[in-house]
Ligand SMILES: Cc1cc2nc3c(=O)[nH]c(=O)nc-3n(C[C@H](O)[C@H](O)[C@H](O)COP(=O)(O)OP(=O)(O)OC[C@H]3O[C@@H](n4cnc5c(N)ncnc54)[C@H](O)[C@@H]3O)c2cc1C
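A single chain comes next, written as structure tokens; it is the form predicted on its own.
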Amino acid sequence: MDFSLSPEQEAYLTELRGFGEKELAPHYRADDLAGTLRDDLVPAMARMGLTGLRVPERFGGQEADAVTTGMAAEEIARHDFNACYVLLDSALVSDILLAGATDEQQARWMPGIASGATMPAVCLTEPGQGSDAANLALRAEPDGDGWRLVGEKTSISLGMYTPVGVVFARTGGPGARGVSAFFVDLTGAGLSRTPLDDLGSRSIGRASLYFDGVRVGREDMIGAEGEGFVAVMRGFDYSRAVIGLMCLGIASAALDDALAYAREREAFGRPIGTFQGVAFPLVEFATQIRAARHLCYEALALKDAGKDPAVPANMAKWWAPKLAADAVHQALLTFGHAGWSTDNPVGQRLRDVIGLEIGDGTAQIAKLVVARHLLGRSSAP
């Protein structure tokens, strides 16, 4: 079993690290204070190939494998956790399109994702249907040779900015088989947005979207009618491991800062790292972060091998965000009063990473998926 990166991956990682240090980290706090996504972020990420990681080369993308995508997410999140949402949504939407869209649709939509011109969002969650996404209520009402979308989506990351989104709407009866997916222009008539005032990740423009008769045609449906929910769930199994690495990236950055501080800060005449009460918690989190990273990459390697990544990916989704929040919290405590200041990024890191204990599936949902694999559906919750 080889845990090493290829020379190409090592070179790309070095390039990403330089990009993160120069282009991302200096803006992390300022973007949070401004509460907005700066204009030059998406173009800069596109130039690095980060919006087109999963897009085929023929459409201007990188055609990266899942492991490389996760590696990029971890490194970007170390420097600017919120910038990584651009990478995450672009990758997830790309995988949905590759799984369900026709060749003509892919040729129409994917070049814009790769170039950063049409930064996409995933529009699934609704006010009354978060974890119970199979029973979503937004309707696609028949209208000639297409539909009109009526209803509300909420908690949409990048929702205040995105010009396009994969929108899941009810075209049939109740349950998952009544849900279809559409690639929707979100800049036209009938669509309004309301920003949400969040504890963390303030720059990503999480929003509620209101659909009042937004028109979609048959050419905008992804896959067959009634297959939308299946498509997004298949994508989430993959993206949950990427999310795990996002969280571990920000946790690793906080841990590195805490270790450096423990070497430099003195109390009682010696560095605080010489005290077991300071050193051992950091060792424990370093151990757990390393183990969780292997779990995430196992899921992504299974994806690349054409095998089912559901079990390790969902294990990673419930564990990595919680572990990251706990690790960042311990880093804050290591800094003591210096960690309580907004001059230190550790407080913002804690606010930001907590959001992914909720977003893209709670710990309970991830554990439910794993339980059904381990116990069998009839013997699991």
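Note that residue numbering follows the sequence shown and begins at 1. Given the structure is predicted, the values throughout are model-derived calculations rather than measurements.
Omitted from view is the form predicted in complex with the ligand, to which the following refers.
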Segment assignment from 155-163, 305-313, 69-77, 286-294: heavy atom within 4.5 Å of the ligand in the model of the complex: 155-163
Non-hydrogen atom within 4.5 Å of the ligand in the model of the complex for each of Gly49, Gly52 and Gln106: no
In the model of the complex, the residue from Ile358, Leu13, Ala371, Ala25 that sits within 4.5 Å of the ligand by heavy atoms: Ile358
Leu124: touches the ligand in the model of the complex, heavy atom cutoff 4.5 angstroms: yes
4.5 Å heavy atom contact, Arg206 to the ligand in the model of the complex: yes
Gly130: touches the ligand in the model of the complex, heavy atom cutoff 4.5 angstroms: yes
Exercise: Tyr238 in contact with the ligand in the model of the complex, heavy atom 4.5 Å: no
